[in-house]
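Next up: just one chain, as structure tokens, the form predicted on its own.
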Amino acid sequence: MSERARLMGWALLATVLVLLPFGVTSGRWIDFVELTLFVAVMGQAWNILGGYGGQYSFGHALFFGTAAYIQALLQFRYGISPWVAMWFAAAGSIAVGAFVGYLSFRYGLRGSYFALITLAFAEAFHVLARSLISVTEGGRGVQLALNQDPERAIATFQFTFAGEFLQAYGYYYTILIILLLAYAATWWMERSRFGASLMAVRENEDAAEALGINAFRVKIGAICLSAAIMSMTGVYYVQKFLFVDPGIAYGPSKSVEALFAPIIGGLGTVLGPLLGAFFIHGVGEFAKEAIGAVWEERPGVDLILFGVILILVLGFLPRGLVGLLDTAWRRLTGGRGGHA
């Protein structure tokens, strides 16, 4: 696929997502797409480090949770504007990413060792969030005050009592803007010298260093960029739900969703995490509807069906959904192709 065709495809996709609320009136489907975009951003954050850098993380909730807590606590304790707090939230996640990256990459940890240390850090922060009650409110979590003044909806970054349009679609467009920024950053990275160095490190770190690439610096840059994008999902979550606790912030669910989306969609591709996120939630909804129609009182059976479908995808599509699309495009165009 030519560069022009890819750009046109992305422009068309962005246009569809921007105009979607004007054509879809069902709140359920807007919520479905909104949640999907949320997971797609998390997936892209993981994809930068895992897909392009080859450094598989099992603890990306670490960056999500750190940003969520900073965002919530700065408003809860000090009354700081959410628009100011988000910069501190992003900086906090980047600092944590740099710290974890320094400890890991300085001593040459990679593969399963790096995956385990990220998991360990996420669990350690989970324990700290529960234990430091005077700071984090412990297991009670942090509950932000609900703004009921429509005139302060933008200032408080809360759309529940805003005008009709913001109330219905404010958070949808918020996560869409975050998605477009995250994917633009990934698009730039993929075509930059930094991205080329990162992919060289992924393929063969020793050979990359022999060519003059500073692998340590490149991997630190990747984990910081990944943490920055992941932090925006933490900010978004706090502003939408006005609550965060240790389980939400540092529990395994966010880490699992972040890694599943790019693995299913296609590692090391710009489009992969978005396809993977739509697939995950599309299959999840299908499983619930299908099982509900046949066995109404069978809780958990939809999760089994969901798991079986995921196993089949992972087993038969090693390059993910992007690989499947690429193969189909090659057949249609007589051998010309290229990943999204």
Partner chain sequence: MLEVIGLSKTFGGLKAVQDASLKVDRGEIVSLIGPNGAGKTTLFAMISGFLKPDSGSVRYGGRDLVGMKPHEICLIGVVRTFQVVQPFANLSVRENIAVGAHARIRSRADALGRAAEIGRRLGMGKMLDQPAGALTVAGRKRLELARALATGPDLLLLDEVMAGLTPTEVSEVVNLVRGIQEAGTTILLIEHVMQAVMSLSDRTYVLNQGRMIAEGTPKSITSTPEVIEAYLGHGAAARIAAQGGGGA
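This structure is a prediction, so every number in the text was calculated from the model and none was measured. Residue numbers count along the first chain shown, from 1.
We do not show the form predicted together with the partner chain, though everything after this point is about it.
Stretch-level contact check against the partner chain in the model of the complex with heavy atoms at 4.5 Å: of 157 to 165, 117 to 125, 210 to 218, 84 to 92, the positive one is 210 to 218.
In the model of the complex, the partner chain sits beyond 4.5 Å of every heavy atom of residue 149. Among residues of the shown chain, residue 80 is not one whose heavy atoms approach the partner chain to within 4.5 Å in the model of the complex.
Not displayed here, the partner chain is approached by residue 193 to within 4.5 Å at the level of heavy atoms in the model of the complex.
Proximity of residue 204 to the partner chain in the model of the complex falls within the 4.5 Å heavy atom cutoff. A heavy atom within 4.5 Å of the partner chain in the model of the complex is found for one listed residue only; from 109, 224, 180, 199, this is 199. Contacts with the partner chain in the model of the complex, taken as any heavy atom within 4.5 Å, map to no residue of 46 to 63.
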